[in-house]
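The chain below stands alone and is given as structure tokens, in the form predicted on its own.
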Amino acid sequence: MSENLQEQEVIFKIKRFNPEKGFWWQEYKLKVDRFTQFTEALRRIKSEQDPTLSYRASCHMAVCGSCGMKINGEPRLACKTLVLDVVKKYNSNIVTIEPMDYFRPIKDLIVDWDEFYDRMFKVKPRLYPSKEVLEGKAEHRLKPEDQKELWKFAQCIWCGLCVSACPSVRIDPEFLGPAAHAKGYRFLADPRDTITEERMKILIDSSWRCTYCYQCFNVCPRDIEPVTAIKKTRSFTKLYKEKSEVAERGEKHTEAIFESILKTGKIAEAAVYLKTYGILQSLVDLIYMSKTGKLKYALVQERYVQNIDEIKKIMGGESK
């Protein structure tokens, strides 16, 4: 056998679950070669060693999004991940497989998708054409530049990896999640759609609840960049009249950061906080900071960076 096709024994530590017993870890040993995907490894474990093991998989080609799970702590598609690539990355022949975080476990690696689908359907993930198009009196036309803008975000396969990795989803029930925003922006930015106002009402408040941790960016198997969709959705805030308190504060925060960089060349935290939250809330927080010994950080005097005029030119501001 060619050296490249030699098999290597790998120990799979799988976090299993059932409602009666709860969670437990179980180990399986399997010989794999450099072509073995995790879905193939799981299939062989189930068929050759333990028929009670449960997991989801369908297309085996990173299209259906069914086989999301945590592999060595990282949300991944099992069909897109080669076993020996993970062994090499972590320099260990022991790999762990767990159900995705955030989702309620049903059995072993199978999790409940109901809440995820509810979030996805909240953004109305389909095109709402004009009456003329529906009646056959007109047809949709999409410019190449518009198609280019939409294409990336149309590639979402609803795998849920980004939601599993997202801390904001866990702490804020009003945040729709990165996958829903990627899908929502795909239609919000589509010039053929007719419910833009309704979409802004659904998406804008939620978009300001993202913390920009970029975990969705890191784990997306299709390079969709949901965080970019969230940033682009925020740009629609200026067009929306019925802004929530969260959206208004987000806009103030963005403006404060822009003004701070334009003036000093960097983010002056104290000034940004004051403009974002106002004098009253800032005073309340100053009292708290004083009690906890952190007031000294708020009173740090900011120094302008050198060549501030160059920064102003980049940002479009006038030199003073």
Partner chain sequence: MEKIEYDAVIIGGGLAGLMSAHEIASAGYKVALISKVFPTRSHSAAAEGGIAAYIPGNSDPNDNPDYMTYDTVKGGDYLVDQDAAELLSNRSGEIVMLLERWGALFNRQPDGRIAVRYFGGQTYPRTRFVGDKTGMALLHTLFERVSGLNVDFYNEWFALDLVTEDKRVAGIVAMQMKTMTPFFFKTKAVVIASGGMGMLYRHTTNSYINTGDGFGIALRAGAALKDPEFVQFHPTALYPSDILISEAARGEGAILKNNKGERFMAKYAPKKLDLAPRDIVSRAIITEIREGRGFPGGYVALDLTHLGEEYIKERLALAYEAAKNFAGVDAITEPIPVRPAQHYYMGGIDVDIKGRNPDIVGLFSAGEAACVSVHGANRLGSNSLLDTLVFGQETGRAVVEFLNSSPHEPTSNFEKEAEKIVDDAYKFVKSESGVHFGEILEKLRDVMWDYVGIFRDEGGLLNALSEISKLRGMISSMYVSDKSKVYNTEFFNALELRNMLDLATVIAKAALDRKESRGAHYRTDYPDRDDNNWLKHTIAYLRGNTVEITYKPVKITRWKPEPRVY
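Positions refer to the first chain, counted from 1. Predicted model, so just to flag it, every value in this text is computed and none were measured.
Another form, the form predicted in complex with its partner chain, is not on view; read the next lines as being about it.
Enquirer: Sort through 87-95, 104-112, 245-253, 163-171 and report the only stretch with a non-hydrogen atom within 4.5 Å of its partner chain in the predicted complex.
Expert: Only one stretch qualifies here: 104-112.
Enquirer: If we define contact as a non-hydrogen atom of the residue within 4.5 angstroms of the partner, is residue 35 a contact of its partner chain in the predicted complex?
Expert: Contact with its partner chain, yes.
Enquirer: Heavy atom to heavy atom, is residue 282 within 4.5 Å of its partner chain in the predicted complex?
Expert: No, residue 282 sits far enough from its partner chain in the predicted complex that none of its heavy atoms falls within 4.5 Å.
Enquirer: Any chance residue 126 has a heavy atom within 4.5 Å of its partner chain in the predicted complex?
Expert: Yes, contact at 4.5 Å.
Enquirer: Looking at the partner-bound form in the predicted complex, is residue 155 within 4.5 Å of its partner chain by any heavy atom?
Expert: Yes, residue 155 is a contact residue.
Enquirer: Could you work out which of 202, 195, 213, 150 is the residue within 4.5 angstroms of its partner chain in the predicted complex, going by heavy atoms?
Expert: Going through each option in turn, the one that passes is 150.
Enquirer: Looking at 57, 30, 272, 261, which is the one with a non-hydrogen atom within 4.5 Å of its partner chain in the predicted complex?
Expert: The residue in contact is 57.
Enquirer: Any chance all of 63, 79 and 183 sit within 4.5 Å of its partner chain in the predicted complex, going by non-hydrogen atoms?
Expert: Every residue of the candidate spot has a heavy atom within 4.5 Å of its partner chain in the predicted complex.
Enquirer: Need the contact residues for 222-246: heavy atom within 4.5 Å of its partner chain in the predicted complex, sequence order, or none if there are none.
Expert: Counting only heavy atoms within 4.5 Å of its partner chain in the predicted complex, the single contacting residue of 222-246 is 222.
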